[in-house]
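Presented below, as structure tokens, is a lone chain in the form predicted alone.
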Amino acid sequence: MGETIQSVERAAAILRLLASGPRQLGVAELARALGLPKGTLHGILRTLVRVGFVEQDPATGKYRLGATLLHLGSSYLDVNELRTRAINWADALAGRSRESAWIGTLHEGHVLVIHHVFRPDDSMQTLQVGTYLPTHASALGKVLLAYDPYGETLVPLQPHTKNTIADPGLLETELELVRTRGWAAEMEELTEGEVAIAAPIKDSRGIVVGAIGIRGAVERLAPEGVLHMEFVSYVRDAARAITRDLAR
């Protein structure tokens, strides 16, 4: 067996220890558990903090796993696998709702559209796979932000229509509503005349790895400004089906 790098092994031991429970740990606790000198630990921890794998609580001085490492852990499900597992359900959603179906994931502060099914009619439509949507102004983005504690929005929040939520406080209130009811709505916030509904897709660990939704004209999905709840049911049914598939 080839030689190993001791500092990397020690860094891995620190990360495993921090991941083993919900508590934050101080240098003294880490030193006792790992049998390492405090000076050695300080150097490794500084590096782990710098790269985002570990965070230090400014109030207590103790350490916990960082956002960057948690993002890496939650992204183990390959985007292509998610798309492959979800294609049939997205097709069914488009057929059932008679609207276009969309699947997206978070990527660098935006929603990356990884699958798009055309509305099943003869209208002219453009394939949107690979395009980006703003998180704060799209139903898919609201879902992804609501269920990602480390989700980030690009600030300032860019208004796209007069209905776009451009105030961070109002956006947080909206995200709390999404978490409470389990789905998100977008009422002419990205494009005038268009409404969208989305729900979370979870992996086998219960972590939200994507969102699925539909988009269509306001007069079809929300006449007089009120969503038809049957469309919400269609979207949530599709999201649950994909979630069950990912859990197998």
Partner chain sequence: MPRPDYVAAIDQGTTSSRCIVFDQAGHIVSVAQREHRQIFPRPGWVEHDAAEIWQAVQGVLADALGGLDGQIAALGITNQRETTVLWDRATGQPVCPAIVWQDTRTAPLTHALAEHEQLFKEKAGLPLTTYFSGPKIRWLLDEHPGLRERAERGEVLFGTMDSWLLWNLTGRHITDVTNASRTMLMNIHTLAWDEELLAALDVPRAMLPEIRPSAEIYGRTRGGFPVASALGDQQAALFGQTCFAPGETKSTYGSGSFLLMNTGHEPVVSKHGLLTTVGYQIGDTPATYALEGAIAVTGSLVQWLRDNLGLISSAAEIETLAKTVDDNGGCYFVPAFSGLFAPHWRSDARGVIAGLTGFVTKGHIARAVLEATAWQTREVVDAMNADSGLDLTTLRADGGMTANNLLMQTLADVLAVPVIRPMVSETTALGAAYAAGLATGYWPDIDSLRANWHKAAEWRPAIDETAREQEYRNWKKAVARTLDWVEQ
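Everything numeric here is computed off the predicted structure, so don't read it as measured data. Residue numbers count along the first chain shown, from 1.
Another form exists, predicted in complex with the partner chain; not displayed. Remarks below refer to it.
With the partner omitted from this view, the residue of 157, 171, 112, 117 that lies near the partner chain in the model of the complex is 117 [heavy atom within 4.5 Å]. Only one segment in the set 158-166, 132-140, 173-181, 92-100 has any non-hydrogen atom within 4.5 angstroms of the partner chain in the model of the complex, and it is 92-100.
Residue contact check for residue 108: none of its heavy atoms lie within 4.5 Å of the partner chain in the model of the complex. Residues from 229-248 that approach the partner chain in the model of the complex with a non-hydrogen atom within 4.5 Å are limited to 248.
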